[in-house]
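The chain below stands alone and is given in C-alpha cells; this is the form predicted alone.
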Amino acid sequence: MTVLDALPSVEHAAVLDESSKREIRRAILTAIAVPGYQVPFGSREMPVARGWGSGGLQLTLAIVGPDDVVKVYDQGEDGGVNAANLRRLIRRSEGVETTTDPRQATVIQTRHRVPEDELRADQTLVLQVPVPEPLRGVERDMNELRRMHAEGDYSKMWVSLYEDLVRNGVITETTGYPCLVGGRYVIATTPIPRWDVPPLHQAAFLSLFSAGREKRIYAIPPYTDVEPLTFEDVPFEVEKVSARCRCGLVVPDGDLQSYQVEIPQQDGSSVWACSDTDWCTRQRVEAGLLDPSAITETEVDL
C-alpha cells in the first residue's frame, strides 16, 4: 500500500492546511517583489520525502485553484514515479484537473527541466529545488553567505568560474548554472541544464522556486532579466550533441530543437532521445512519424 492509497476516500483529501497555504502565498508575494531573493517559509511535512519535491508540492498546493489545470513532470518525463505520484496527490488533494500537455496547463510543476513549448503569461512554472543557495560551493558559513547576498558580493563565484575556465579550458558548470536575476541577486537555477536557462530570460511566465528541505522560496517574475554569469570573451553556450533523437525526427537546419539525453543500452552502446517526452511525441505526430491512434493515455492519469 502506498501513501496515496492510504488517503481517506473523500472527494478531496487535503494534505496542506489553509493557514500554511496563506503563509506560502505571502512568501511568494515577497519573492516576486524582490526577484531572486530567498524568502524563508515554514516548510511543512509532506507525504513525500524531503528532497523528492516537497517544496514544489507545497507551492503548487498553495497556488492552485478550482479552475487550474496542473502538469507535473520529472526531467522531461511525465510517467516517472516522482511525477506520477505527485500528479495523483495534487489531483486527489485539490480536486483539480491534471494533464501531460503543457499547452493545456496553467500550473506546471517540474524537476530539472523547463518545457520545450514556449509558455504563456497565464501560466506558472514551479520548480523543485534541492539546494537553493548558489554560493554553497564557494562558501559554507551561513552568516558570510547572507552578507555576500546583502552586499551583492559575488567575487568568490566569479573566481570559481575563472579557475574552472583556466583549469579546463571551458566553464564546466552544466546543470544549475548560476544566473544574475534583475541585475541584483545570483540564484541557483536548480539542476536544469544550460539549455533551459535562455527561456527564463524576459519570459512571459512566472517562475517560482521552492526548496522544502532548505525552507526557501524565490521567484523570477515575468519579463525579468536572467543573465548567466560569464565573461565577455567567453560567451554562454548551451549543450550541443552531434546525434539526434532516436525517434527519427529530422531537423531541417541541422540544429537540435530540444534537449537530448543519452540512454545507455544493454549491449554497451547508447542512443539519444528528447528529454521532453510529450513534446517529442507531438513532433513525431506532426511529422507523420507516429500514428496518433497508437498513443495510449498515461496510466497515472486514467
Partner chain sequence: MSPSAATAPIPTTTTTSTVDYPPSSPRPPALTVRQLSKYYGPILGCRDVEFEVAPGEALGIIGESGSGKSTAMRCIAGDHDATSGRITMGTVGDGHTDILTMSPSDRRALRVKDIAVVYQDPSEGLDLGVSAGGNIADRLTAAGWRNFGRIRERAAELLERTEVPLDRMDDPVRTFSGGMRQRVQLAKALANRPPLLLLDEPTTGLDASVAAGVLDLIRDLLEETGVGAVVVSHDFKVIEMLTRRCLVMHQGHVVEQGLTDQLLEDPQHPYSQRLVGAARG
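None of these values were measured; they are calculated from a predicted model. Positions refer to the first chain, counted from 1.
One more form of this protein exists, namely the form predicted together with its partner chain; it is left out here, but the text below deals with it.
- The candidate spot formed by D141, N143 and H149 is out of contact with its partner chain in the predicted complex: none of the three has a heavy atom within 4.5 Å.
- Interface residue remark: V234 is counted as part of the site for its partner chain in the predicted complex, having a heavy atom within 4.5 Å.
- Taking the partner from elsewhere, L165 is found to have a heavy atom lying within 4.5 Å of its partner chain in the predicted complex.
- For the chain shown alone, Y223 is not a contact residue for its partner chain in the predicted complex, no non-hydrogen atom being within 4.5 angstroms.
- In the predicted complex, at least one heavy atom of V159 sits within 4.5 Å of its partner chain.
- None of Q202, S155, Q104, T174 but one reaches within 4.5 angstroms of its partner chain in the predicted complex through a heavy atom, and that residue is S155.
- Partner proximity in the predicted complex, defined as non-hydrogen atoms within 4.5 angstroms of its partner chain, places exactly one of 210-218, 67-75, 226-234, 113-121 at the interface: 226-234.
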